[in-house]
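Below, in structure tokens: the form predicted alone, a single chain.
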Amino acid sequence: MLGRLNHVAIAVRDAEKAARIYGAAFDAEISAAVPLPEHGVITVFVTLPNTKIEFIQPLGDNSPIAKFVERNADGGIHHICYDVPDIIATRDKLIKDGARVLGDGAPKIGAHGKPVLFFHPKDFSGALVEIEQA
């Protein structure tokens, strides 16, 4: 059901600045900053040989990550994302097994232009889990 680890997301005040630190430290490729108004964030990706690090910063005061960044002023791991071959089948199985999908349960288009869903951290040992259609 789960594919590879797609990315680990770190919520920060300044995604471009954080990405430059990682890019310099690991000699990694850095994407352009991309605002995602539907998700209320700005994203920047650092590409590593086996996965990506996604830096997310709040896009406006109503961003769903604004309070997280307030509580974690130096930044912090926000979620982990896994590729799945069939997002609807995976969603349905996870819900059947007791996991709670966040939002209305309908996939939204994520930073990679593919459908994504998020699941409640209390159902995954405290980790907010994102699944992305592979």
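Heads up: residue numbers just count along the shown sequence, starting at 1. It should be emphasised that the depicted structure is a prediction, and the values quoted were computed from it without experimental measurement.
We do not show the form predicted together with another copy of the chain, though everything after this point is about it.
- The partner is not drawn, yet in the model of the complex one stretch among 104-112, 57-65, 30-38, 75-83 has residues with heavy atoms inside 4.5 Å of another copy of the chain: 75-83.
- Residue contact check for V69: none of its heavy atoms lie within 4.5 Å of another copy of the chain in the model of the complex.
- For L117, no non-hydrogen atom is located within 4.5 Å of another copy of the chain in the model of the complex, even though that partner is not displayed.
- When contacts are judged by a 4.5 Å heavy atom cut-off, I87 does not count as touching another copy of the chain in the model of the complex.
- At the 4.5 Å threshold, heavy atoms of L48 reach another copy of the chain in the model of the complex.
- In sequence order, K122, D123, F124, S125, G126, A127 are the residues of 108-127 having a heavy atom within 4.5 Å of another copy of the chain in the model of the complex; the partner itself is omitted from this view.
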